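Heads up, the chain below is alone and in the form predicted alone; it's given as structure tokens.
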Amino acid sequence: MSPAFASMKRAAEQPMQYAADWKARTGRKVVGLLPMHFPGELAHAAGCLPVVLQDDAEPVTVGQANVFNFYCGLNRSLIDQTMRGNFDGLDAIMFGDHCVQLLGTADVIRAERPSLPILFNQLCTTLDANWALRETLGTFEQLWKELEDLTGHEITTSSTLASIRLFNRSRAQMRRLYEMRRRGEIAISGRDMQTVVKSSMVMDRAEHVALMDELFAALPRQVGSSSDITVYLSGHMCHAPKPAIIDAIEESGARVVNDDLYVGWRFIHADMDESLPPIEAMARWYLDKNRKLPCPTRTMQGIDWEDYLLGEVERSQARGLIVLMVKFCEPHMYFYPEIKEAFDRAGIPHLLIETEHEEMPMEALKTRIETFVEIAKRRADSKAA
């Protein structure tokens, strides 16, 4: 393990400790950022450390009495972490409203930590409406002012453009890593790829960019086994799947070549236009990224997730699709039947895995994955014959 990757791994595994150390070192504020659509660039331009809040590995215990059992694991874990004091070092949280469960989580955090500022901003969901740009500009202008009030100083245009350039560079580095893996130039595991992206969500972005430069220099150039079946991972739109699930997939003879996971390609696929005024760049980034990678919490005529997936599976030369669906994730559940129908029609093997924050039956899951990989191998051999 290279020193650069080891630093990323420490930050990804203990994000709140990293944030506390950064805060002690810089004397600046830390802002928690909820998935999936708010730009960390604006908090960075305000001089803050934007930290994407995610579930942790701890079971939900003290928070259990404050949350419904049918909330997804991310929301239950966020509430539990609030009750355990994990977020006490935050100076504010930027909340969006992309699902009903998240609204309930915001209310619980408000009740439990009344002194913690909650910057709650509603982004429009109909992205191609004639009023969408106007409304989105207004939302980000409001957020801009709220962050100025939080930090007590002006956010300048020049600092925001500098943050946009830095974040664009960071995303480009990680996309390069994805492309190298897709082409088979490096044999980085799905678990390690997740660590790279997750660490970028919590670290000082300039520090992460420097670590990525070191990582590229240290990465051994090698290829995965030609006997591996290439697969595409889809789902988990707000937080990372358990690394053990990705390990089980790769240990079954599959090689992950691409994904649309939030802690993955979904987080890094779209840049902001550096030639536009920063508020307009953020608004257009938000409105346009659905065309590049559809999100089931947003609507846009003629844009469908299943069509995107079919195209990306073909472009990635994946031999199968594995859908990782978070239990109780309603937006994903509504779209899955259309994905299944499209892949059945196209004759592409696919496997649905429902994931849960608490214990999962890993041995039974491994058997299902091994069966899927065998089916995908036979299907690929049949096509090649």
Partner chain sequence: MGSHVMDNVVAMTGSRPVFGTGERANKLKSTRFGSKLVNDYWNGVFAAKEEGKKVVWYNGTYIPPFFHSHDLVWVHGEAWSAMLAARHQEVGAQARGDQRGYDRELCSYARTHIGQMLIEMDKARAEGGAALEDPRMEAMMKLPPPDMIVNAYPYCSSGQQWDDITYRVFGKKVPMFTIQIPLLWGGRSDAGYMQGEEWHQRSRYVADQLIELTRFLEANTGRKFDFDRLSDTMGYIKKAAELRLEGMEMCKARPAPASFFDWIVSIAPMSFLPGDQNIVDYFQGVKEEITQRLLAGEGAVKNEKYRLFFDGMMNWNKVGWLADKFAQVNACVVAGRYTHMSFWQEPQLIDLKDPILGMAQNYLVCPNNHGAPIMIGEIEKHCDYYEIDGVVCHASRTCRGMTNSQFLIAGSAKKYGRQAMFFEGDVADESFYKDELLNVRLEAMVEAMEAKRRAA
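Numbering follows the first chain given and starts at 1. Everything numeric in this text was worked out from a predicted model, so none of it was measured.
Below: the form predicted in complex with the partner chain, not depicted.
*Asks:* Is there a heavy atom of V62 no more than 4.5 Å from a heavy atom of the partner chain in the predicted complex?
*Replies:* No, no contact at 4.5 Å.
*Asks:* Given that the partner is absent here, does Q54 sit within 4.5 Å of the partner chain in the predicted complex, heavy atoms only?
*Replies:* The answer is no: Q54 has no heavy atom within 4.5 Å of the partner chain.
*Asks:* Is D204 a contact residue for the partner chain in the predicted complex, using a 4.5 Å heavy atom cut-off?
*Replies:* It does not: once the partner chain is placed as it appears in the predicted complex, D204 has no heavy atom within 4.5 Å of it.
*Asks:* Report whether the minimum heavy atom distance between F216 and the partner chain in the predicted complex is within 4.5 Å.
*Replies:* Outside the cut-off, so no.
*Asks:* Does each of V313, A346 and T367 have at least one heavy atom within 4.5 Å of the partner chain in the predicted complex?
*Replies:* No residue of the spot touches the partner chain in the predicted complex.
*Asks:* Heavy atoms within 4.5 Å of the partner chain in the predicted complex: which stretch in 40-48, 65-73, 22-30, 315-323 meets that?
*Replies:* Single hit among the candidates: 65-73.
*Asks:* Could you spot which one of D149, E135, E251, E274 gets a heavy atom to within 4.5 Å of the partner chain in the predicted complex?
*Replies:* Checking each option against the partner chain in the predicted complex, the one that comes within 4.5 Å is E135.
*Asks:* Which residue, H98, H208, H236, R181, is the contact with the partner chain in the predicted complex, using a 4.5 Å heavy atom cutoff?
*Replies:* It is H98 that has a heavy atom within 4.5 Å of the partner.
*Asks:* Any residue of 333-361 with a heavy atom within 4.5 Å of the partner chain in the predicted complex counts; write them all down in order.
*Replies:* Heavy-atom contacts to the partner chain in the predicted complex: M333, Y334, F335, Y336, P337, E338, E341, E354.
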